[in-house]
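Presented below, as structure tokens, is a lone chain in the form predicted alone.
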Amino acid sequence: MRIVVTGGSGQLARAIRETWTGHEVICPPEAELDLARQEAIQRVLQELKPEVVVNAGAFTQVDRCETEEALATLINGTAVSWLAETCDGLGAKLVQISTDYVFDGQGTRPYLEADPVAPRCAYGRTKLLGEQAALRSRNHLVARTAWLYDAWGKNFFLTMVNAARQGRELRVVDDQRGTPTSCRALARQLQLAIEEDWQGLVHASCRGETTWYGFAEEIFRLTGINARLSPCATADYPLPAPRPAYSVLDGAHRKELGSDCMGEWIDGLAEVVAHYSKLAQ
């Protein structure tokens, strides 16, 4: 299949390039496939004529979204409607990457796809608009994920490792629960989902759960870094956008759709640490 991936410089796009086999994967530069411009979306996709478009591009700076919600709405919401319209015209499948932030984060058990959405911040509201636009397209898959990271890009894993190597004291929140999900784990699941022609809405994060502090502890245990790490509460680290207190996603629906290859989060972390160690040599 010919597959176009938006957000070509992002960490998920890189994981797709590195893990997908048997397909022609095209990641146009973001200056060319500019999600802020309808004309650019239409021109690039009509030229490339993909069978599948994976929208991995987004305005993901959660706190900036609070003050730049109009721009976030354009990139995370309106652009998806343009992608959907163009995909419909080409007969292509649209795969939209969404987020745990569409929920209010006040739950006490893993969220199901059918649970009510109630985003509490601009990022969540704008990503929900993108979900809704994608779900209106004729051939679509919306994959919600959470806590993405890998051995490249900008993410919690690299922030922790780099800060600890600089000898900085790290205080990490221990009252927000979720599931760390490596980009390569998500990429492998998306490849299977496309090959098996999954339709609709699915949760695609790794299995298990922890806190950000627990995640950091495992990062340092597996890397062998002696970090100055201590837990704190969300209230001790105020940010412009509220973070979900609980954002574990239930993955049972994946087995109903087809092949579920999302493993335990700690196994995914071990794979990323091994890759990071090779890069650091």
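Everything numeric here is computed off the predicted structure, so don't read it as measured data. All residue numbers are counted from 1 along the displayed sequence.
One more form of this protein exists, namely the form predicted in complex with a small molecule; it is left out here, but the text below deals with it.
Put simply, of Leu148, Ala134, Val102, Val202 only one has a heavy atom within 4.5 Å of the small molecule in the predicted complex, and it is Leu148. The contact residue chosen from Cys232, Ala36, Ala70, Leu239 relative to the small molecule in the predicted complex is Ala36, the criterion being a non-hydrogen atom within 4.5 angstroms.
With the partner omitted here, the stretch from 252-260, 239-247, 51-59, 216-224 that lies within 4.5 Å of the small molecule by heavy atoms in the predicted complex is 51-59. Mapping the unseen interface onto this chain, Leu12 counts among the residues with a heavy atom inside 4.5 Å of the small molecule in the predicted complex.
In the predicted complex, the small molecule sits within 4.5 Å of a heavy atom of Glu30.
Contact annotation for Ile97: at least one heavy atom lies within 4.5 Å of the small molecule in the predicted complex. When contacts are judged by a 4.5 Å heavy atom cut-off, Cys87 does not count as touching the small molecule in the predicted complex.
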